[in-house]
Each structure stands twice: as structure tokens, then as C-alpha cells.
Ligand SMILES: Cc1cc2nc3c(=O)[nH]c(=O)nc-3n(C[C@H](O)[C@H](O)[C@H](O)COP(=O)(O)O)c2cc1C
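Form predicted on its own, single chain, as C-alpha cells, below.
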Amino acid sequence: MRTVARHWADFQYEIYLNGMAGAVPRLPTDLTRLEELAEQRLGPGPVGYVAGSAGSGSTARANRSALERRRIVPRVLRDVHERDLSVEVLGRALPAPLALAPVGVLSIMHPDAECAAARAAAGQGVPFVLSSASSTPMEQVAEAMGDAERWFQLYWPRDPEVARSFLNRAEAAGFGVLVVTLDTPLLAWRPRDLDQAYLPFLHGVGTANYFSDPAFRAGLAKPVHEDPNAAVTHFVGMFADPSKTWPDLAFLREHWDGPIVLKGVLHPDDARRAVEAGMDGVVVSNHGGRQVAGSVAAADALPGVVEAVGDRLTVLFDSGVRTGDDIFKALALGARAVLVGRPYVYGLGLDGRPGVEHVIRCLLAELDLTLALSGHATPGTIGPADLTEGPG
């Protein structure tokens, strides 16, 4: 079933018409400027946590370079009068090939946190992927979204009872896709956070799903409110499990009925193993450069993963996406849809729910226009031939 086509590019005319009454956008429409604005207006700890990367930041820079190095080759005299950005992803009809990536601890950026971002996504019809490490319990986020498309991201805890409880709760709350992050069995060396000695989890921020979970609370000697430090210690001890291996995926398949997507896949052989394990999709991602300094750029890894699994898996993409043309390039390299993270988080920090809506609408307006001006009426017609490579 297809969604009704939306005219995303009309957002630019809305902006121009508002300008007739003297109104200009509250945030820049060049989304690459949001990070600098956030640095100026928000606290160094929170901004550093969002903007920071592993090591010297080389992987984050490589992500941007890999996208910028690829240049679009526009085609002309093609009928692009009527365009339709809608796609089917994991059996779901989406209005555009975009979802909001899972980002934890959003309350450090804005008091309305995940609920504001989720409502913005719901209002625009794009999926919201809720992080396990959210500041808001998953049930509360689900209530804020109504019946809108929502996915749940799992940081796979060491305690299988907590993992089972999370999966049961997410399914009961209407989260339709499970996104399992595999590239964070340990926290990376992140100098911006280390220099500020800033880790929100140690203050009980980003632990809402755990502290509200019956299986988690069963492991505590006292209720969370009576001994919050003990609760934090319990959380730290179970947050991730570096001993997990491929056979453990059977546990997830046993306890989750819907699609399962593995996030953090960069090697073609790992994508093939995901197929063998009965997974439904992968996200080609290096965690936005936050985990392995010196890692391959996500956009450079994408073509090899797509070639390895063909149509056997849904291939999604994130890491380094800042603009509508970045989305175009990821789709041309074979991704079915793109997850965007930092830009919407900056939008949230700067202007709450309207800031997130602004980011979504800017991205999709620019994608719509890039598509049309490159000679395409739908995402399904673009491919590697629409790109060339130049200096990064």
C-alpha cells in the first residue's frame, strides 16, 4: 500500500510567503550550520556529547568526506512534474526514505526530550526510532505518538531477563521494528566527553527505560528512588555485553515477532551473516564516528554491503547525513532509506518540537528538489550511475 504523495518541495514557497509578512525561519535552512549554532547557545557538556566523536574525530570527518566526494550527475529533459518520494521499507509504507535515528539522553538537549522529537516525526509521517537509552520511558513516547510509525532500538543488555522485558514492553507499546545496535559493546574513547568528565548515565539520565523496568528493578535491593546510586551501578554493569556473538541472535528472533534490523554493519561478510541469521535488514553505520576512530567511512562501506546482500536484506544507512543531497547519494549507493541523527538533535536543542519539524521538512524539501533537478521523479530510479567521484 502506497502513501499519498506529499509535495515536500513546497516548504520553500511556504517560507517565501511567510517572508511577505516579515517572518523568516527561526533556524537556518542550511542544516550544516546547526552544530555551530548549538555550540553557541547550549551547554558544552550536552553539545559535546552529541557532537563529539571517537578519538580525534577522524571517522566523523571521513563520513562527511565520503559523501562530499561523491558528486551528483544531473540529467535533463525528463518529466519530473509529479514526484513521489514514498517508499516501502520493511513492509511499511513511508512518505519518504527517511527516519529519525535512535539518539539517547535527549533531555540533555531539551526538557521535552524524546516526546518532542517523536511528535515531530509523527506529524511529518516519518518513523521515530527510540533509543533504549532514552530519557523517557518507551510507553510514554508511544502515547505521545498515537498510532504513528515507531521503531525500538535495543542496546542489548547483559541480563537476558531485562532484554526479554524490553522486547515485550516495546511490542506491547506498538513499536513495529527492532533495531539492534551492535557497534557499542563498549563505550569508545571520546575526548570531548572525557575532557568535561561528562557522562549523563552516571547521573541517572538516559536510564528511564531501565529504571521503569520490572526485570531491572527486580535486581535491586531497594527501589530506585531510595538508592539511585545503586540503580546507576546496576545499570552500568548490565548496559552492554561484549561477549555476544552471532548465535545469540536466535534469542532476539525468539522474543520479537516483527522485523529485526542490525545497526552498525560495515563489512560485507557481516551483512551475509545477518542474512544467514534470518535478520530482515542492516543499517550501514559507524555510529556517526562515535565508536571506532580511524574507521571506514559509512558511505564507502555502503556499496560493498549492498552488493553482498542484494535484495535479501533491507539496507538502511546512517552516519554523516546532513543534507537532502546526502540522502540522494545514500539512496544512489543502494540504501533503501536513511536515518538522520545529529541534525534533528540540534534542532531539538535549539527550538524543541518545531526545531525537529524544521529539520525534517528542510531535509525532505531539499531531497525532493535534488531528485527533480537531477532528472528523477521517484527515489526508485536513482542508482550508482547518477554519481561520480571527485576530490573529497
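Residue numbers here begin at 1 and follow the sequence given. Because the structure is predicted, anything quoted here is derived from the model rather than measured.
Below: the form predicted in complex with the named molecule, not depicted.
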Does any heavy atom of H110 come within 4.5 Å of a heavy atom of the named molecule in the model of the complex? no
May I ask you to check whether D318 falls inside a 4.5 Å heavy atom distance of the named molecule in the model of the complex? yes
Any chance Y155 has a heavy atom within 4.5 Å of the named molecule in the model of the complex? yes
Counting only non-hydrogen atoms and a 4.5 angstroms cut-off, does G341 reach the named molecule in the model of the complex? yes
If contact means any heavy atom within 4.5 Å, which of 308 to 316, 117 to 125, 169 to 177, 102 to 110 contacts the named molecule in the model of the complex? 102 to 110
Looking at A335, V50, L350, L363, which has any heavy atom no more than 4.5 Å from the named molecule in the model of the complex? V50
The named molecule in the model of the complex - contacting residues of 125 to 148, heavy atom within 4.5 Å: S131, A133
